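The chain below stands alone, shown as structure tokens; this is the form predicted on its own.
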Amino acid sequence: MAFQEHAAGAAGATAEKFDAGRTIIEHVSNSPLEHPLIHVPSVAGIDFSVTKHVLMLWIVAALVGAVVTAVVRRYLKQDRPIPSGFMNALEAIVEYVRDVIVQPNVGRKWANTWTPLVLTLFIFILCANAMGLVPIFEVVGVLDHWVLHTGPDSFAKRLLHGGTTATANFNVTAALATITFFAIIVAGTKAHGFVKHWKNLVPHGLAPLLYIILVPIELLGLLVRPFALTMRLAANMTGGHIAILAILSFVFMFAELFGHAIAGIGVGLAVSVPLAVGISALEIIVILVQAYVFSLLTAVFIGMAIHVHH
């Protein structure tokens, strides 16, 4: 809808100049403070208003929880539980995460302990990534423009502000990485005890002077792991959407440059749309890879805390 408004404005002589940067940031960021979906008063200086990414977190969590619960309950109610349909796919995902991601890294003894956590992270990240490619709110915008005709401050209008990919928000990925951080500590503590887990950060039997160097480095490395998980997932999910929006911006930039809408349409048909479709197809691969990488690194870090000698 924002692109349509800018395109319509570009045709007028007194229209505001198209600002590609502002438009792109508006469409990938969390909904700004002036456009919260549900305003909640601040508590201790923290704004708890429901924004676009918060709504997407709720949608993904509710959708995954409802679908998985319904499928598993129907499967368990059968006289002879034989997986079929969606249950086959779910069972394949569970076995893949357990046998390929978790077990080789944490070992057979601890596989059943940590598979539920890694599986939850994998499915949640995968679904959150995928939901970002579904034009849910664009459809709402079209319905509002042609059918509903709501006011400028309506809930439907506020839905058009901000991005739909919750995992492109660094706050979300930082929360997921924090879960991994504490899982590493818990895994090491369960395997070796709390005190020995922290002793295992550095090798034993070294000269005392080396510990002055190694201990700060290892503690820093412990903090770098969740930071790397945070930045990798959010940056990859943001980058693809920015690339698509930047390419689509050519339509309006060329329309303004030549002063004719036909120039923008030509560039769109010849360049923007084919490239945007290609990048969107690449994004489908990215959403799978990023969910896999986050889950794999979580399993690797947990395994490193358990199997220190490796």
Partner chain sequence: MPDERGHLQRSLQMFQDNVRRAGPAAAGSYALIGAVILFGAIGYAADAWQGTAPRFLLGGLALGLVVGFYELARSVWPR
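Residue numbers count along the first chain shown, from 1. The structure displayed is predicted, hence computed values, not measured ones.
Unshown form predicted together with its partner chain; subsequent notes refer to it.
*Please determine, with the chain shown alone, which of 222 to 230, 125 to 133, 72 to 80, 188 to 196 has non-hydrogen atoms within 4.5 Å of its partner chain in the predicted bound form.*
One stretch meets the cut-off, namely 222 to 230.
_The unique member of Pro104, Gly239, Pro116, Gly85 whose heavy atoms fall within 4.5 Å of its partner chain in the predicted bound form_ = Residue within 4.5 Å of the partner: Pro104.
*Of Tyr211, Phe182, Phe155, Tyr96, which one comes within 4.5 Å of its partner chain in the predicted bound form, counting heavy atoms only?*
Of the listed residues, the single hit is Tyr96.
*Would its partner chain be touched by all three of Val293, Leu296 and Met304 in the predicted bound form, meaning a heavy atom each within 4.5 Å?*
Yes, the whole candidate spot contacts its partner chain.
*May I ask you to check whether Glu218 falls inside a 4.5 Å heavy atom distance of its partner chain in the predicted bound form?*
Output for Glu218 is yes: heavy atoms within 4.5 Å of its partner chain.
*Would Ala89 sit within 4.5 Å of its partner chain in the predicted bound form, counting heavy atoms only?*
Answer no; every heavy atom of Ala89 is more than 4.5 Å from its partner chain in the predicted bound form.
_Partner proximity in the predicted bound form: Val100 to its partner chain, non-hydrogen atom cutoff 4.5 Å_ = Heavy-atom contact with its partner chain at 4.5 Å: present for Val100.
_With a cut-off of 4.5 Å between heavy atoms, is Val300 one of the residues that contacts its partner chain in the predicted bound form?_
Yes, Val300 lies within 4.5 Å of its partner chain in the predicted bound form.
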